[in-house]
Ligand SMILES: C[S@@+](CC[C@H](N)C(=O)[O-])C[C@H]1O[C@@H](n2cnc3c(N)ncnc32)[C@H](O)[C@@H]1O
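This document starts with one chain, in the form predicted on its own, laid out as structure tokens.
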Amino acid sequence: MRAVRRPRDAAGMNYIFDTGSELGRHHLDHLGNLIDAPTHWCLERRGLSPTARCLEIGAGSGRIANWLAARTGEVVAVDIDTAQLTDLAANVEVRKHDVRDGLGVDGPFDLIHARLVLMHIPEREQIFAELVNALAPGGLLVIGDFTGRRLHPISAPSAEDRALWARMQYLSHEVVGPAGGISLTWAGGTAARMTAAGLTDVHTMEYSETTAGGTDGCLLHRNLNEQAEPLLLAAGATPDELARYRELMTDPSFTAWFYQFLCTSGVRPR
């Protein structure tokens, strides 16, 4: 997952995940390796115009922004943390901005893409409406997020490891995540929201796969667990549990389902 925003306080914004750190760089790399391919399919299934003006919300490492830049006319890449937005194409413009304060750039756009962003932001409904309003007539909105479908383990070294996996998923997704503003139910309602907002040709793709210890999915779980360590300890995890979980995520004898990724798109009528 990308940078997770916790409720604002007098000091400003707090984070569970810091995508500008070294761990954050690996975090974004693992995500890209896992879901760039289905994201590309969602973005190009209706065709990409070589003159399209695109908005990439939560641009992260810039991989999708660069991919769009090679196929369209202009890409505006917006992120609250732009540390990883380097080596970008000449037709990518970077904006450092918190979309909770508006989109940070004027529309209209022929294509707007937001991946693993809205599920993390409590103001997601307001931001969704702003994205719809920023579409040009005939413009395409593409939103991808994870759901809360249970991540079933398939194989594990022991029954104790299966129980540890279940405990870490519970603490991460039902205790720490919701306290940081994450919604794992948001993605399932995106198609209905697009239809209610007047978008047409609404379509959702579901994507998931299994992951084994030492591969991108499990390494991402390990990475997020490391970044969230203080909050997991506060939620009741023990140092020994965290250490064993991270070891398990590198063991190829462990396999489990990775997150269900829903990518939904809709078109603003002309």
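All residue numbers refer to positions in the sequence shown, first residue = 1. Not measured: the values here are computed from a predicted model.
Just so it is clear, the following notes concern the form predicted together with the ligand, a form of the same protein that is not shown.
Stretch in contact, per heavy atom within 4.5 angstroms of the ligand in the model of the complex, of 157-165, 129-137, 187-195, 112-120: Result of the contact check: 112-120.
Taking the shortest heavy atom distance, is residue 59 within 4.5 Å of the ligand in the model of the complex? So residue 59 counts as contacting the ligand.
With the partner left out here, check for me: in the model of the complex, does some heavy atom of residue 221 sit within 4.5 Å of the ligand? No, no contact at 4.5 Å.
Is it the case that residue 149, even though its partner is missing from this view, gets within 4.5 Å of the ligand in the model of the complex, heavy atoms only? Residue 149: no, not in contact with the ligand in the model of the complex.
Considering only heavy atoms, tell me if residue 100 and the ligand come within 4.5 Å of each other in the model of the complex. Within the cut-off, so yes.
Name the residue from 48, 34, 232, 28 that puts a heavy atom within 4.5 Å of the ligand in the model of the complex. Contact with the ligand in the model of the complex is made by 28 alone.
Residue (of 80, 76, 199, 176) lying close to the ligand in the model of the complex, criterion heavy atoms within 4.5 Å: Exactly one listed residue reaches within 4.5 Å, namely 80.
Heavy atom contacts to the ligand in the model of the complex at 4.5 Å, residues of 161-193 in sequence order: Result: empty, none.
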